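As a starting point, one isolated chain is supplied in structure tokens, in the form predicted alone.
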């Protein structure tokens, strides 16, 4: 065999080894609805998920190389932050909204508090380009990644090519986020008939179904839509919610209904992080509702809860804590 041909064949085999994608099994929890995300257009592979994980935790995505996705979305607090009400970005800039918790994103069709993003593959572009968050251009991100030996190898493994593109960067991040599935709380074990609620938890569950389930629909504990939940508008932020995107007055003061899963760890609450405790949230719904034309139908009538009811309801909400999810090493900072 010609020596040059031999070398060429060896190099080809080595390259092909990188191109063998390992399928990542996306398991839909039992009795859950079909995911909204179409993975046929971005098939999950182990290599792409790992690339996305590296990118998620890397501050290289920001203009000053100091802010990563994980800066506002910590895995130990349901992929949100708990040390301030509004997001903090580059150069100590402060955003206008609280960081939403990230989980079960494959079942959503709109993202961000106002639904500004209509596809998970594009979601990361919003914080990357926001001047008060990461403040970077995707073109600059691509150039930085292209000059990184680490990412050249990771992109080769994930896509069979060392050429970094914005599309592949964003799709890899979305692949990692798709794996953030929370479905192993006590509530889930009860639904699978593997355990039982205590008497207090059971009372709280009944109260939840009576007063909360119309918006926080099981099993996601959100209907993934937008509602005006009667919050008085913050006179400093003047955030009109979904209307900012649609320009439709019917969407005034409507924000995306957040999931209640892992609510024990995802404080502060609401789009502007105004409430620090679950008790503050319950107080709002029982005595703080501001009525307006767009107020959610389920909140038109007063919600009556005794002090004991609030304790029972809180006890149930704590059954939504999923420590398997919160402390899953596959979701945490990638070890070298």
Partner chain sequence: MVMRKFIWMFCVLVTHNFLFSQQDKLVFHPTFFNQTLKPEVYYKLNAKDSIQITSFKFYVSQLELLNGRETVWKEQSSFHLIDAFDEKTIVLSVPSNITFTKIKFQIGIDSLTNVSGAMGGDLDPTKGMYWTWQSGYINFKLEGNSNLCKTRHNEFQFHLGGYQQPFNCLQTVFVQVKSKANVTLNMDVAKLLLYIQLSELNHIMSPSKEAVELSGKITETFSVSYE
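Owing to the predicted nature of the structure, the values given are computational and were not obtained by experimental measurement. Numbering follows the first chain given and starts at 1.
In what follows, reference is made to the form predicted together with the partner chain, a form of this protein that is not presented.
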Problem set entry | Interface membership of residue 225, the partner chain in the predicted complex, 4.5 Å heavy atom rule | no
Problem set entry | Contact flag, residue 166 vs the partner chain in the predicted complex, heavy atom cut 4.5 Å | yes
Exercise. Just to confirm, residue 170 within 4.5 Å of the partner chain in the predicted complex by heavy atoms?
Worked result: yes
Exercise. Even though the partner chain is not shown here, does residue 85 get within 4.5 Å of it in the predicted complex, heavy atoms only?
Worked result: no
Exercise. Which of these stretches, 233 to 241, 113 to 121, 176 to 184, 257 to 265, has heavy atoms within 4.5 Å of the partner chain in the predicted complex?
Worked result: 113 to 121
Seminar exercise, completed: Interface check vs the partner chain in the predicted complex: of 297, 291, 41, 34, the one with a heavy atom inside 4.5 Å is 41
Problem set entry | The single option of 156, 191, 138, 213 touching the partner chain in the predicted complex, heavy atom within 4.5 Å | 138
For this session: Tell me whether 125, 129 and 142, taken together, all sit within 4.5 Å of the partner chain in the predicted complex, counting heavy atoms only.
Result: yes
